[in-house]
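Only one chain is given next, in structure tokens, and it is the form predicted on its own.
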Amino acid sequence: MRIGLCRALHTFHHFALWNSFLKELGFEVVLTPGTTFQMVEEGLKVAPSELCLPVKVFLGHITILQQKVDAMLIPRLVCRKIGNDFYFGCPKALALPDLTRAVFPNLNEIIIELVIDDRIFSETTALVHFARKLKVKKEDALAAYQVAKRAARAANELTRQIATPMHMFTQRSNKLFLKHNHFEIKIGLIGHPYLLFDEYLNGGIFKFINSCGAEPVVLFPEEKQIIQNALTKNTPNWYYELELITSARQLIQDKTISGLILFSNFACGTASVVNELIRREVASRRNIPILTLLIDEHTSETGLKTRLEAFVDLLKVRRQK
């Protein structure tokens, strides 16, 4: 059986786990290729206009995937427990299975939800429930989960070391984001991996910052660092945003960082809160410039580069003073 995954949204976080789990159970995993202009256009055609760009792009990936698979794994990440508290998924992405069924009613029979809700059951139980829908025995699912956990742990460690999750999809992309320590200007990039590392949606931000004579720096915090930040004040109970805030706090403390770029998308409900929290922390703890880049389907590469170029020039002038 061929089971499809979209290279969008949650997959940038959890592909290693899901891919290993499915393959260990003997399924063929079909992953969509990187986002293309065609996928974006197809997503825009079928998606309600009020959705954010990443969700529209996810639907564009579904249009490509639907002809190639026997089933689709669609995640519904409701809630994760971190430390002693619960943290919730993106309000819009949380309804992905419902949205996909509403937009593609012909796919109802092949959509299989993976529901993650730590308030009700563990991740182990969630994956066992998922496997049971594929008629897999419980003991086989439990054994596959143990293998998948080890694969995910190794993948996450490598992600932190090389500062990109793209190694999960392709070895080629590792070369695109390696650090260049010879640049004097270092810029902290804060954004969800499905935006920062989607080579179509990011508009070539990494390469362009390099071409301006600066080094982009992305951090992937360790679990213990995320838990520590969960205990501090002014931390909203959103799972993925907690990672962003932890990353931002570490970058603010790094004296080699000359400025921050908040890279998010228009119509993101959580970004309006999280970006403001990060701005206030910078204002209270360290006076460095911040550039907010909000992308949507109308964003042009030229406009993006013009703003980046001006920002890097500003940082260079400040450094010379």
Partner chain sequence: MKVAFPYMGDIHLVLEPILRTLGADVVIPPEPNKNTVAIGTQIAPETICLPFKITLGNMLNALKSGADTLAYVSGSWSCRFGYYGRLQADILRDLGYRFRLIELRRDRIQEIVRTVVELNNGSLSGAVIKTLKAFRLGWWKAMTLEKTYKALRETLPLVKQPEKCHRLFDEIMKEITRAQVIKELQDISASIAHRFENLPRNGRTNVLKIKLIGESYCTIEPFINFNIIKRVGEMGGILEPFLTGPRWLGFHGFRIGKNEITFVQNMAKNYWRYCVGGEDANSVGHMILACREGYDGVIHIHPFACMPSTVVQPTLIKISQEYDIPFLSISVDEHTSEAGFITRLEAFISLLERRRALSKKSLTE
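Keep in mind that what you see is a predicted model, and the values were worked out from it rather than measured. Numbering follows the first chain given and starts at 1.
Absent from the display: the form predicted together with its partner chain. The rest refers to it.
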Q) With its partner chain left out of view, which of 296, 28, 276, 254 would have a heavy atom within 4.5 Å of it in the model of the complex? A) 276
(Q) Counting any non-hydrogen atom inside 4.5 Å, which residue from 51, 69, 291, 44 sits next to its partner chain in the model of the complex? (A) 51
Q. Can you check whether residue 184 is within 4.5 Å of its partner chain in the model of the complex, heavy atom basis?
A. no
Q.
Taking its partner chain as it sits in the model of the complex, is residue 167 near enough to touch it, meaning that at least one heavy atom pair lies within 4.5 angstroms?
A. no
(Q) Check residue 113 for me: does it contact its partner chain in the model of the complex (non-hydrogen atoms, 4.5 angstroms)? (A) yes
**Q.** residue 88 within 4.5 Å of its partner chain in the model of the complex, heavy atoms
**A.** yes
Q. Does its partner chain come within 4.5 Å of a heavy atom in each of 94, 266 and 272 in the model of the complex?
A. yes
Q. Looking at 137 to 145, 155 to 163, 74 to 82, 211 to 219, which lies within 4.5 angstroms of its partner chain in the model of the complex, counting heavy atoms?
A. 74 to 82
Q. Within 115 to 147, which residues have a heavy atom closer than or equal to 4.5 Å from its partner chain in the model of the complex?
A. 115, 117, 119
